[in-house]
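A single chain comes next, written as structure tokens; it is the form predicted alone.
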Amino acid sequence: MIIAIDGPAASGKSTIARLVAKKMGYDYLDTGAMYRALTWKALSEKVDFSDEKQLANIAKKFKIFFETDPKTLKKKVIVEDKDITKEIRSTKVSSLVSIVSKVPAIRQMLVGEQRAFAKKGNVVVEGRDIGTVVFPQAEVKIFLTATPAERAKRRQQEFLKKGIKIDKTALERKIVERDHIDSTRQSSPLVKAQDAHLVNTDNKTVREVAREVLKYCLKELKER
């Protein structure tokens, strides 16, 4: 079974996807990490981010690997034998990843890798176009959402845990900008699949959201 979890930035996709995968005994794929890793690669090679051809050329020779912690299901992101798990969560990468992810040629290449990853089945995949483009046939589709203010608060807490102070208002503004870019891009825009279950995560704990998502997954298993 394929479980597709979509949603905007900081809606809780990664955390919930890992928890659900752990509970179900499934594998887990964070597709956003793939785009972030490619953004990091483009930055390291000083690519002009306004040139889609340069970005696409980077993607053609781009190789990414994941190493999974069997207990937490958190994945180390490996590019060119270098662990870049922390680097891809930098503010610089975050500010540029939407530019990379809207390039059609890049999305086409990475979607192929995502589908290859899930061929064996029993996987939780999270991103922004999983239930609509990557796996429209997914047995369970979830769309997580939350207000920009709530998502900015969560993102700020993530940065504070890393010792980074950042203004919440500025974060909220960036999140709104990212939502606009993701939802209006020509290639694979962020939209809720018609048959996806909408889960609002405002004022809910991680466990509460995970239980709600698991309810849909277990219901699907019983009906198969």
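Quick caveat: nothing in here was measured; it's all calculated off a predicted structure. Note that residue numbering follows the sequence shown and begins at 1.
The same protein also has a form predicted together with ligand DC, omitted here; what follows describes it.
Asks: Determine whether any heavy atom of residue 107 comes within 4.5 Å of a heavy atom of ligand DC in the model of the complex, and answer yes or no.
Replies: Output for residue 107 is yes: heavy atoms within 4.5 Å of ligand DC.
Asks: Please run the contact check for residue 182 against ligand DC in the model of the complex: heavy atoms, 4.5 angstroms, yes or no?
Replies: So residue 182 counts as contacting ligand DC.
Asks: Should residue 153 be classed as touching ligand DC in the model of the complex when contacts are defined as heavy atoms within 4.5 Å?
Replies: Judged by the heavy-atom cut-off of 4.5 Å, residue 153 is well away from ligand DC in the model of the complex.
Asks: For residue 97, is any heavy atom within 4.5 Å of ligand DC in the model of the complex, or not?
Replies: Contact check for residue 97: yes, within 4.5 Å of ligand DC in the model of the complex.
Asks: Where, among 160-168, 46-54, 33-41, 193-201, do residues come within 4.5 Å of ligand DC in the model of the complex by heavy atom distance?
Replies: It is 33-41 that comes within 4.5 Å of the partner.
Asks: In the model of the complex, do 22, 141 and 211 all put a heavy atom within 4.5 Å of ligand DC?
Replies: No, none of the three is in contact.
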